[in-house]
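First comes one chain, alone, set out as C-alpha cells in the form predicted alone.
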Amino acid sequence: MEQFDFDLERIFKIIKDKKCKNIGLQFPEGLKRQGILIAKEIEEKTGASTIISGNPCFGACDIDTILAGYVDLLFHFGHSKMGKYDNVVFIETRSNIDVLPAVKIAIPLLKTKNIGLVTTVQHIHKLDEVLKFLRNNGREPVIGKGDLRVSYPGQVLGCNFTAARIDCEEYLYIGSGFFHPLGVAIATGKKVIAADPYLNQAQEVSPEKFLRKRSGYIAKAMDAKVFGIIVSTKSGQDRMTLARQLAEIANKHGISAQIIMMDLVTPEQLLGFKADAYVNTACPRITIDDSERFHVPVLTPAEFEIVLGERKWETIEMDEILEGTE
C-alpha cells in the first residue's frame, strides 16, 4: 500500500528550532484527509497551535498567503518550492511506491534507445533507480534540467514541461494520470509512454483526440464578439503582462476583450459575466480539466491567437507558465 512521506520529524525540528507558536498547514485536495491528524500530531509534539487552510490548493503556485500572514510558519505539502516566501516551508510529500514494475511493463513499448525521463516531484527520487534499470536493459536514458520554476532535473509540472525539452527520440513518463504525459507529447511533438506505478500499467499517450477537442473549442469561439481575459491573483499564476498583450492584439483586430481578475476560476464564477468566450491566463489545467463544464468556450492564450489570426491552426500547443513570462 502506498504511503506518502510527510517529513514530520523535520517539521517538528523546524518548529522547535525557530520557537514557533502558530503554524499554518496547506494541503492539495488529495492530501486534505490527512490534515487534521497531522495538525494534531504537530500540536502534541511541539506545543504549537495549528491552522489548516480550507481553500482549494492547485500547486506550489497557489500559496495561501492570507494564512501565511497569520502564522509564524506555513508548511505547504505536496509540491516542490516555487517562488520566494519569508515563512513558507515546502514539504514535497514523496511517494514510497515501487515504480520499477510499471517501468518493466513499459520497456517493450519503447522502440528506441535514446529515452527522455520525466516525472512529478512525488517520484523524482526514483529517477536514478529507473536510469540504472533502463541502462541495464540496453537503453540510453537522458534527464533534462528545466527552467527556474522547476526544482529538479526530470521534473514536469502541470504548467511547465521545460525539463522535457531535451535531445531524445521518445519519452518515458512515470506517474499517474494523463495530463502531464499529454503535455510532454504536445510540447515536444514526440512519442510518450506513460508508466503508472499505481495501476501497474504502461501505455502510449496519444494527443490526437485532445487536439481535435481543442480545435472544436477554437472553432466555437470564432464568432465571439466579446472575450473575457482571466487573470489569476494566485501567487504563481499571475500573468497580467500576457493578458494585457492579448487585450491589445484583440483591440487591434476590432475584438472586444476585457481583463477579469479573480482568485478561484470556476464555471460558476463566470456565469455572472456576459462574454461570448474567455481566455484563461491562470492555471493552464483549468482550461483543460474543466473545459466541458464552462457555458462558453475557454481558450488558452495560443488558441486565442489562432482565433485572432495571429497564429496558424497547426501550431496549437499546450499552455505553459515559463520563468520570466508571468
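Residue numbers run from 1 along the displayed sequence. Nothing here was measured: the structure is a model prediction, and the numbers come from that model.
The form predicted together with another copy of the chain is left out here; the points below concern that form.
The shortest heavy atom separation between D238 and another copy of the chain in the model of the complex is within 4.5 Å. Contact check for S53: a non-hydrogen atom falls within 4.5 Å of another copy of the chain in the model of the complex.
With a 4.5 Å cutoff on heavy atoms, T233 counts as touching another copy of the chain in the model of the complex. By the criterion of a heavy atom within 4.5 Å, N96 is excluded from the residues contacting another copy of the chain in the model of the complex. In summary, the region of this chain contacting another copy of the chain in the model of the complex, judged by heavy atoms within 4.5 Å and restricted to 252-260, 184-192, 211-219, 152-160, corresponds to 252-260. Taken together, F133, V298 and K312 are entirely out of contact with another copy of the chain in the model of the complex: none brings a heavy atom within 4.5 Å. This chain lacks the partner; the member of C283, I288, A275, I63 within 4.5 angstroms of another copy of the chain in the model of the complex by a non-hydrogen atom is A275. Contacts to another copy of the chain in the model of the complex (heavy atom within 4.5 Å) from stretch 31-46: K32, R33, I36, A39, K40, E43.
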